[in-house]
Structures are given as structure tokens and as C-alpha cells.
Ligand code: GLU
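The chain that follows stands alone, in the form predicted on its own, written as C-alpha cells.
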């Protein structure tokens, strides 16, 4: 069986983009499906764009969303340098080889000349390409410029009028004539390689067999294949996946919405929902099923089932997945994840609820998890569980829909609720136990459920919107429930 090696090779320029996470996910699924290696390599040769701490942040996020690479920078068993800036001697070796084979050449053109050339081509509606001026310098002219300490880049000598073909695993056969391919810069004046050169050297030396990346890299693929041919190396398999846009078809960017993965983690989207949602944006599982665990995604994933058309990043769709997993995942597991999120993203609230009994916190969470779409909504519904009880405004107790028109009826039901609670020597074991007792009393008094449970619920939560009265009694326990109801009954006296 072929040993599959894939990689993710971002630049350390800040945050991990949500569409980059999609790319990582596909690489990860494909590698795991084939039981081999997925590695993280950092393209940091453009030092002007380097952001301190971005590498560590990126690795942390990948681990948090279950996409931990098999190899990454500074891992305990580091096989080779994973930062391009630590591989400069390697690139020098291979650029020298290309020069000696006359497959590359030194370009002494100044930045000013190149900018003027680009301006002229743009004004004439021509493709912006290097005009190959330095490609035809004689050895004597080259040596003269070197002796004069003129700076230079090194460019690939692209063959004239040849067809470069490759089979894209997603898009099929692609052919590009070298007339459309620029004599790309391989080595900059500062001795650092460009992306196009370093990526080919690194992929070859790290045994990368398959490259899955955005389709905006299709025009660059012939440049890379020409380099593989120049060295006599076998090129990897390429798969170019379609773009990601918002539902209004605008490209994902900082100007149009949140694009950093960490923003979605800060909003407390579950990893299960984020991975499930991203996978189904481009990939067709060939089934009507919508919900897949990571193991199921790995088992079903096939490159051939990636769709060619672009996909819409629909936040409402992501919310749908998140709500589903909050309702269906194991409650104890969700609670542990909830506390993890709190410790990372809301330490103040985490400290607040930590002062309460853990079983009490769990009962509240288990009751509310089916009512929320994200973890962060939780604290919007629980002030009455963690703050000092308040006295209700009397008008809240009136409810025309429930046919509660006078405070005497409210007082009556406060008293009956207190009688029920005072008869208890211990807390209730379940909501059903509470329900049975209250329903019996409601029938005895020929009342409707809402006429009884509305004022009791309001007294317990001091708000119009909250879990039901019976659920509140179960969570608050008997003594706290009695205290709150009694305080509001006294307030009506």
C-alpha cells in the first residue's frame, strides 16, 4: 500500500484562517484514511510578515480541534527543521545545482525597473510578467555585475512554448502552456528562497506524496512541476479544492466577517460541530446523513467526492450543527467541555460558579444544554441560580394568557406550593416526582397547570423567561425553593 504523506504549510502571519482549517481537515482526513503521516511545516522566509507567537498559537488550535499533526516544529522527535528559515543551507545547495544546469539565471533588475515594467504592462492590458531581460546576459556580463557588487535575484528559466499537464484529483486533467508561466523568482536578494522554490524542495525532501490546497494555487502548479522536472524528481499528486465564500457570495475576509478559527472557538462552537460543518461544505458523503463523528469522516472520506463548485459559509448552518450536538452528546462530556471553555474564555464566570457545589452546577447545565445554541449563552439564562434572590414586581405575576387576574389566586398557590415543600423531609429525586405531586394538587383544586406553575416559576427565577417551575425546584432544592416562594408571598401581604 502506498504510504501517503500530506502537509499543511502556512506562513506565521497571525491567526489561522477558517478556510485554512478546511484545508487542514481534508489533509488530515485523507492521511488518516490511508494510515500514514500528516505534517505541519512553517513557511517563514518572508520575515516582514512574521508575527511573534503565531506558530505556537496555530499548533494549539490544531490540537484543540483534533487535527494534531504527526510532525510539527519543535516536536520531541524532530526529524528535520520544520521552519524554512532554518533550512537556508539546503536551499543554497539546490539553487546552485539549478544554476550549474543552466535551468536558472541571475536577474539584476532593480525594484524600480520591475515596478515600471509592471505599470507599463498594466496600462496596455497585458499580463504582468518579467520580460526576461537578464535571461540572455553573457557570462562576461554576469561576472562584471557580480564584481561590481550588484544585487540579484535568481529566476527559473521556464522553457518556451511547452505544455505542462497534470491530473488534479478533484478537477481532472489540467494543461497550461509555459507561455502563461512567468520566469519566477526562486531566490531573493537577501538569500531567502521564495515560496515557489522552497515549497518544492521541502515537499520532496519530506517525502510529501499528496498536496491538497486551495484552487487559487492552480496557476502556480506548472511552476512547481517544472522545478520537479528540473531536478529529475517525481511530482506529488495535486488536489485543488474550491473557494469558500459567505452566503452573500462575498469572499471571506476580515472586512466581511470573522475569519479567524479562534474567533469561532471564542464563540464556544463545539469541535464536533465545526468539523462536521466544514467537512460537508465541499465534500459529498454520498448519503442523506448529516451528522458524522471524526472517525466516521475518516472512514468515508474520498478525494473524488470533493465538489468542484464553491461552497457557502452559512453561519446559521453552523449554528444548526452546534445546537444538534449540544442536545445529543453525552451530558457529562459536554459539561467537562463547558468548563474547559469557561477556564479559557470566561475565567470570571468560571470562578463564580466554582464557588457552588459541582452537582448543583451540573444540574443547571444539564437542564439548559438543550435550550442553548452555544456555551456562551448559558450565563444569560442562569443569573437566578447564582445571584441573590430578588423580589418580583407584582405585575409580572399577572398573566392574562394564564387567566391569572388577581393576587389572591397567586397567594393561594404560593401557600399550596409551600405546603407541598414543607411536607418534604428530603429533596426530590427527579423532576417527575415533583410533577406527580403538583399535578395531583392542581387537579384537586380544579385549576389549569399554567395558573399554578406560572407564579411559582416567577417566584423561583424572578424573571419571565426561565426553565419551568418543576425543573427549578429540582435544581434549587427544597430549602432554597421554599425561601424564595416565602419571600415573594410576604411581599404580597
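All of these numbers come straight from a predicted model, not from anything done at the bench. Numbering follows the first chain given and starts at 1.
The form predicted together with the ligand exists for this protein as well; it is not shown, and the discussion that follows is about that form.
Asks: Within 4.5 Å of the ligand in the model of the complex, heavy atoms considered, which of 106, 373, 213, 204?
Replies: For this set of options, the contacting one is 213.
Asks: So which of 278, 199, 187, 364 reaches within 4.5 angstroms of the ligand in the model of the complex, heavy atom to heavy atom?
Replies: None of the others qualify; the residue that does is 199.
Asks: Of these, 321 to 329, 382 to 390, 169 to 177, 191 to 199, which stretch puts a heavy atom within 4.5 angstroms of the ligand in the model of the complex?
Replies: One stretch meets the cut-off, namely 191 to 199.
Asks: Is every one of 268, 340 and 369 within 4.5 Å of the ligand in the model of the complex, counting heavy atoms?
Replies: No, none of the three is in contact.
Asks: Answer yes if any heavy atom of residue 345 is within 4.5 Å of a heavy atom of the ligand in the model of the complex; otherwise answer no.
Replies: No, residue 345 sits far enough from the ligand in the model of the complex that none of its heavy atoms falls within 4.5 Å.
Asks: Taking 4.5 angstroms as the cut-off for heavy atoms, does residue 356 touch the ligand in the model of the complex?
Replies: Residue 356: no, not in contact with the ligand in the model of the complex.
Asks: Look up in the model of the complex whether residue 478 has a non-hydrogen atom within 4.5 angstroms of the ligand, and give yes or no.
Replies: It does not: once the ligand is placed as it appears in the model of the complex, residue 478 has no heavy atom within 4.5 Å of it.
Asks: Please check if residue 349 has a heavy atom lying within 4.5 Å of any heavy atom of the ligand in the model of the complex.
Replies: Heavy-atom contact with the ligand at 4.5 Å: absent for residue 349.
Asks: For a quick check, can you give me the residues of 11 to 48 that have a heavy atom within 4.5 Å of the ligand in the model of the complex?
Replies: Stretch hits, in order: 11, 43.
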